[in-house]
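This document opens with one chain alone, in structure tokens, the form predicted alone.
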């Protein structure tokens, strides 16, 4: 399922422009890269240690759990004061917490015998280091998009909340390099000008639905276009319900100092009973390339139409593991994992009605043929109703049942996960129909007449 999310992201975002490419740089990078990026100096989190049991915690998280409000923008002194005011104690032993300090989150390591390096804390720096070579290799055109899907590593103080916060995780990021003089230009903007974005600005508590063209008084056209494309990815393709999605603007105190515009992509999840960040859209200006030029000594200016400049960067950043978790939670309903067809772990489950009279062999034959094209599994254990239930719980889209009529006319029943309805179709047409269903070119009702099934047993239509 995780791999499918990555491939879905890859296909969608790399198709937004013909000059977008995926690269795969090193996960280990020398210290100078992170001096240039500012990670050595600024990549820190607030830490507080229990005076009694010596356990350590993210200070801002403790305050957020108590207040249900963001605390990332608070300083160490402000957090220390808040912890005292809210009378927050050690979550492990109930002991008194000490003062709040800072901890750098990167994992250091030795390269060769003496050189110092780090595991990358984000994938973005690989794009900035590779920019000049990739610009030349792609015929020196802008905008240029460089994407990376890969591992990042952070020495989290208190990793928890399942896959939401980990020390080793997967990011999918797209860095778009463009001419800053053209930030209010976008050839495809007409596609989204009337599309409404769900936006919560930093100076208000409500979420507004605002057409893209009405946001141009506040945000540049190039930026708004990619906000729209990100929202469409979640609402139109991943089928997230609109009430569970929003963009939240970060205030100047919250966002990185180099980000001129910064909106987090947030999804509501019942476990946290709140909206949580799963991605972001950041206008990083020319900060990154300027810093790398200064520290490396390499000229990162480019020349287009006799104009020499350093490109600016628009970053689309997503945590794959956070998206994975959020999709699971938002898709689970009444013992059924109603995942989008593109990311469901299995497309087909193949079930012989019974394990005799050549039904098992017929089912195994069909499984071996279909697994060449689809993610599928073969299950002959237990009653057919229990097998349907197991398939629903893991999000399997369609259950194929081989019964006695199959032996007569080479037809099978195909059962839809979400409606539990069944249709009888020819085996020869099965692959083509399933492919069209997954691509959402047709609906289940389009493929044939709904057949009657046996009466419900144990709460399940079988």
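Residue numbers count along the first chain shown, from 1. Not measured: the values here are computed from a predicted model. For clarity, a rigid core is taken as the largest C-alpha set superposing within 1.5 Å between two forms.
As for the form predicted together with a further copy of the same chain, it is not shown, yet the points below apply to it.
Peer 1: Using heavy atoms only and a 4.5 Å cut-off, determine which of 164, 287, 107, 201 is in contact with a further copy of the same chain in the predicted complex.
Peer 2: Partner contact (heavy atom, 4.5 Å) among the options: 107.
Peer 1: Of the residues 168, 365, 85, 253, which one places a heavy atom within 4.5 Å of a further copy of the same chain in the predicted complex?
Peer 2: Among 168, 365, 85, 253, a heavy atom within 4.5 Å of a further copy of the same chain in the predicted complex occurs only for 168.
Peer 1: Does residue 446 make contact with a further copy of the same chain in the predicted complex, using a 4.5 Å heavy atom cut-off?
Peer 2: Close contact is absent here: in the predicted complex, residue 446 is far from a further copy of the same chain, nothing within 4.5 Å, heavy atoms only.
Peer 1: At 4.5 Å between heavy atoms, is residue 333 in contact with a further copy of the same chain in the predicted complex?
Peer 2: Judged by the heavy-atom cut-off of 4.5 Å, residue 333 is well away from a further copy of the same chain in the predicted complex.
Peer 1: Would you please decide whether residue 153 lies within 4.5 angstroms of a further copy of the same chain in the predicted complex, comparing each non-hydrogen atom pair?
Peer 2: Although a further copy of the same chain is absent here, residue 153 would touch it in the predicted complex, with heavy atoms inside 4.5 Å.
Peer 1: Please check if residue 93 has a heavy atom lying within 4.5 Å of any heavy atom of a further copy of the same chain in the predicted complex.
Peer 2: No, residue 93 sits far enough from a further copy of the same chain in the predicted complex that none of its heavy atoms falls within 4.5 Å.
Peer 1: What stretch, of 306-314, 108-116, 269-277, 85-93, brings heavy atoms to within 4.5 Å of a further copy of the same chain in the predicted complex?
Peer 2: One stretch meets the cut-off, namely 108-116.
Peer 1: If you check in the predicted complex, do 122, 329 and 383 all have a non-hydrogen atom within 4.5 Å of a further copy of the same chain?
Peer 2: Answer is no for this spot.
Peer 1: Using a 4.5 Å cut-off on any heavy atom, which residues of 10-26 would contact a further copy of the same chain in the predicted complex?
Peer 2: Result: 10, 11, 15, 17, 18, 22, 24, 25, 26.
Peer 1: Relative to the superposed rigid core, does residue 54 relocate between this form and the one not shown - that is, does its Cα move 2 Å or more?
Peer 2: Yes, shifts by 2 Å or more.
Peer 1: Rigid core fitted, is the C-alpha displacement of residue 92 between this form and the one not shown 2 Å or more?
Peer 2: Yes, because once the rigid core is superposed, the C-alpha of residue 92 moves 2 Å or more between this form and the one not shown.
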